[in-house]
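Quick heads-up: it's one chain on its own, the form predicted alone, in structure tokens.
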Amino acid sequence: MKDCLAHARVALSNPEEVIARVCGHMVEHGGRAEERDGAHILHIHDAQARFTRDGDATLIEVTTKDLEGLYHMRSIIASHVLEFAEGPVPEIAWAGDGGDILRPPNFQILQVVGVRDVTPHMRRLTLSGADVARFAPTSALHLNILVQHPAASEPQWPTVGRNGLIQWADPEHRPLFRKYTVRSLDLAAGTLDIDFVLHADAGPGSTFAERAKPGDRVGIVGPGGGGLVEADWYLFAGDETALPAIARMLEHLPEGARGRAVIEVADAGDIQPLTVKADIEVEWLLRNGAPAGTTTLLADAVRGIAFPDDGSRVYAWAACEYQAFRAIRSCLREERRLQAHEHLAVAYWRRGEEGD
């Protein structure tokens, strides 16, 4: 298959600094940078960006395996060049392949076909669309939902500008992006399920779920990463915001896998039946009246778990409120000495701040 190529000439007042900062930032996030034949070359997965001087301008050449990869690489490079450039905002206009990309390739519009409450604080929306199969791999569990601005007269869907970045017809009322887990899929029916935590101080995502009804159109972008990694022994830890991801990963573990899962919820009414073929011990932690984000239940449980010392490949996955995330990440890195490829700990929300 022929590679996809795009290029742009950009006038920068501080080109060497911008290139160095772009490359350095992406290296911190898993990329690889090199200098060869007078060019700075940045590798991100199987894509490449090459920076060279072209008279008074900087020539940026992007090479990827397909158009979707080209869209992502152009967007990554353009957004960070604009972030790190000084002085006047540089103009970026991509030429070459990808000129006919009118909407983000990872964007699609789905329709709500079902709404039901799984537990008193968890609502499941079933969405139907033409290309839900792209969300099947458990290595990429997440997607972004476009929550429309309440003052918008009609739904807004993203388009792609000449600079490769998303643009909006009405930027002042553009949608909010909120990340959620694909809880399950029915490929034969062409549907996927997303679970939303319902809470009193509802943010945009929870409000969206409370108001959703069959027939509504929903814009989504994805999939995103942060999913299941192959190992022998697993630790899963999370509160109810992480429950959809944990439940889906548990369902897909092979029978020979072992480990523990600790899940914090409000009370016994929020315990869900889980399908687990592997040898995973599941423990439910109940707040029983304590507000979410105010206890140390989850971090204490993680500290108390015995990790295997028999040479098993270990993988720990944790997602929760910010303070609990910090404590769990510290435990995994400093006490358990897990390497980067052996764990993923993220904050899904932060107490006192709006978000979902």
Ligand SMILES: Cc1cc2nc3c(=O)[nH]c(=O)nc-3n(C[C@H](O)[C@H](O)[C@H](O)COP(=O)(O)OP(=O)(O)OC[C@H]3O[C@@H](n4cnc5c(N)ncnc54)[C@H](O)[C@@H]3O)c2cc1C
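Being a predicted model, the structure only gives us computed values, none of them experimental. For every residue, the number given is its place in the sequence shown, counted from 1.
Beyond what is shown, the protein has a form predicted together with this ligand; the following relates to that form.
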{"property": "Contact residue in the predicted complex, chosen from Y71, Y180, F236, W94 - any heavy atom within 4.5 Å of this ligand", "result": "Y180"}
{"property": "Residue (of A130, A200, L102, V89) lying close to this ligand in the predicted complex, criterion heavy atoms within 4.5 Å", "result": "A200"}
{"property": "Candidate spot F107, W168 and G219, all three touching this ligand in the predicted complex (heavy atom, 4.5 Å)", "result": "no"}
{"property": "Answer range among 274-282, 248-256, 148-156, 180-188 for contact with this ligand, defined in the predicted complex as heavy atoms within 4.5 Å", "result": "180-188"}
{"property": "Contact label in the predicted complex: G164 to this ligand, heavy atom within 4.5 Å", "result": "no"}
{"property": "Heavy atom of H7 within 4.5 Å of this ligand in the predicted complex", "result": "no"}
{"property": "Touches this ligand in the predicted complex: P223 (any heavy atom, 4.5 Å)", "result": "no"}
{"property": "G205 within 4.5 Å of this ligand in the predicted complex, heavy atoms", "result": "yes"}
{"property": "Residues from 233-250 in contact with this ligand (non-hydrogen atom within 4.5 Å) in the predicted complex", "result": "T241, P244"}
